[in-house]
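Presented below, as structure tokens, is a lone chain in the form predicted alone.
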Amino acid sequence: MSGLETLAAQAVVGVARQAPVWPDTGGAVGDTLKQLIQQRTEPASALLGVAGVFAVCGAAGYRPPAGGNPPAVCPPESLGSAADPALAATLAILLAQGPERLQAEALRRLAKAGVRWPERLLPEALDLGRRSRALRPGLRPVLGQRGLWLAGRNPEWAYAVGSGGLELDISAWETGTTEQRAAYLGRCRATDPAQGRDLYLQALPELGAKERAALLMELAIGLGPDDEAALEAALKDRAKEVRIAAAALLVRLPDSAYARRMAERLESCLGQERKSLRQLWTLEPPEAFGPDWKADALEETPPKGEALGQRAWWLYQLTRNTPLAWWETRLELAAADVLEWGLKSEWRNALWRGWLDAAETSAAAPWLEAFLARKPPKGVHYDYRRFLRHLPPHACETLWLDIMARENAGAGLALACESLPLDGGTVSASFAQAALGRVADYLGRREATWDYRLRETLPQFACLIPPGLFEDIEATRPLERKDAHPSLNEAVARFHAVLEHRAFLHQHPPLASADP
């Protein structure tokens, strides 16, 4: 065990429980250690000091392994250099301070401009990629030949060598975990749906129930009519979760036999009545559970704790497993009007729950927007965050502003930052201005003092501001307030620092060319 490892073991035990045993190295280093231990009366402080001396000595005295073939010479660079002192200094700050979204933007702009990362910052950049998987795809194109050469010398940077793990690695499918196999199958489906389906079918005999269900859901990627036969077969699987997964996918094939069977069952529930010279649609749930329903992954008995009665439970399942377009076509109503019609029904909870599940499964944005614009019936609950990945940008921005008003500024901005991927671009100018206006008003209020999410999120939100607003925001400084808590002022200062760095990245000559 090295001296540093011995010290680490003592630190784990705790110097209060066991007095540290100091290493005796002798020589000049030993004299330095003795002097340091005498100066520091606290054992914990002395241990940290000795560890620091050991770490520096270890780095300075490192000797590469002797023998063997010398490494290949680094190939010549083909990318431009970011050696400009001001640019290199800014990149060094971003590397050390983040936030991650700003680091991703810097990498994107370097890559688009055909400029490589500064050589002296390559070890730190490679370490950043080691810690953040999300940054790896953006990092590799700007490492240059020197960065790739360095990555080949350190096993911890191996992620950057080759294709960075972006290629289809068959070992992930053959020996990986369920998550790794699902990821492999998903990427396979994205490039060749038929090949992915065949891969799944060939593996079926050796899969457990949970794995069959998890991998089956990957067929959602590139789902098409050619998958119907495999999904119909999965309806006969002995595992309930597989049958439910197959049904959820078949619903997304509006012309499938499954979708037609479900629509026919709902058709028998619909009726019409004349009221005030108008023909109105009515609905009555099934009176009995059909003999062939079980084969379509429908359950006769509600699960324990289910709030719906038996007939409502059947109606809920039929609604959940019927394409939403059927309702619009059959009732000749838009999604919003169908929801309003359902609210007037005695069976509103079963209908709304079924529509919610179907809308999320099929990523039906108009339906999801219609849900967000309405108050659900009493007893129906849903998490609007589940919808975000399916909603168009304008609907997401409306929701974020709504959350800022209903909850607090930090919650709305945090949701915006969480919803957008690192390469997701910026928010709209109108949303950015509206959000900053609300934050400016909010900062002077007492409750803002305890809004920890706002402190954390404000610098990240600066990464989502459209570049066209940089100048105006920096000129007006709308978030600066004398009556705000010091911690909030610190967050505002970080917000402006991020904006300044972003303005630099967009205006500096080599990177300005990254804009179309």
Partner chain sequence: MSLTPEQVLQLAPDAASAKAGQGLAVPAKWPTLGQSDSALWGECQGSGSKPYQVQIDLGGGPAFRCTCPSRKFPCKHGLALLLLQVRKPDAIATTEPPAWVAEWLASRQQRAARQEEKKTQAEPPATTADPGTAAKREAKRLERMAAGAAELRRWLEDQVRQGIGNLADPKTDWRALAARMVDAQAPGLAFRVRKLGEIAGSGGDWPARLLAAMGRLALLLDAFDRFADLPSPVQADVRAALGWPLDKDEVLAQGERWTDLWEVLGCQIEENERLWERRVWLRGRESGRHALLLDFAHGNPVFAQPFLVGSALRLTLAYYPGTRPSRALLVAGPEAGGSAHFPAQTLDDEWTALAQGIAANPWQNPWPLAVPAAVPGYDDGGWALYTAEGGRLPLVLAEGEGWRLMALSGGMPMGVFGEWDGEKLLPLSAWAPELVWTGGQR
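In this text, all values refer to a predicted model and were calculated from it rather than measured experimentally. Between two forms, the rigid core is defined as the largest C-alpha subset superposing within 1.5 Å. Numbering follows the first chain given and starts at 1.
Keep in mind that the form predicted together with the partner chain is missing from the display, and what follows is about it.
Proximity of R120 to the partner chain in the predicted bound form: non-hydrogen atoms within 4.5 Å are present. Taking the partner from elsewhere, A8 is found to have a heavy atom lying within 4.5 Å of the partner chain in the predicted bound form. Taking non-hydrogen atoms only, H501 approaches the partner chain to within 4.5 angstroms in the predicted bound form. Proximity of D483 to the partner chain in the predicted bound form: non-hydrogen atoms within 4.5 Å are absent; the residue sits far from the partner.
Among the residues R153, R330, R260, K112, the one placing a heavy atom within 4.5 Å of the partner chain in the predicted bound form is R153. For the residues L201, I93, A229, A158, the 4.5 Å heavy atom test against the partner chain in the predicted bound form is passed only by I93. Only one of 400-408, 72-80, 431-439, 246-254 lies within 4.5 Å of the partner chain in the predicted bound form by heavy atoms, and it is 72-80. Within 4.5 angstroms of the partner chain in the predicted bound form, the stretch 401-439 places no non-hydrogen atom at all. For A11, the Cα coordinates differ by 2 angstroms or more between the shown form and the other one after the core has been superposed. For F504, the Cα coordinates differ by under 2 angstroms between the shown form and the other one after the core has been superposed.
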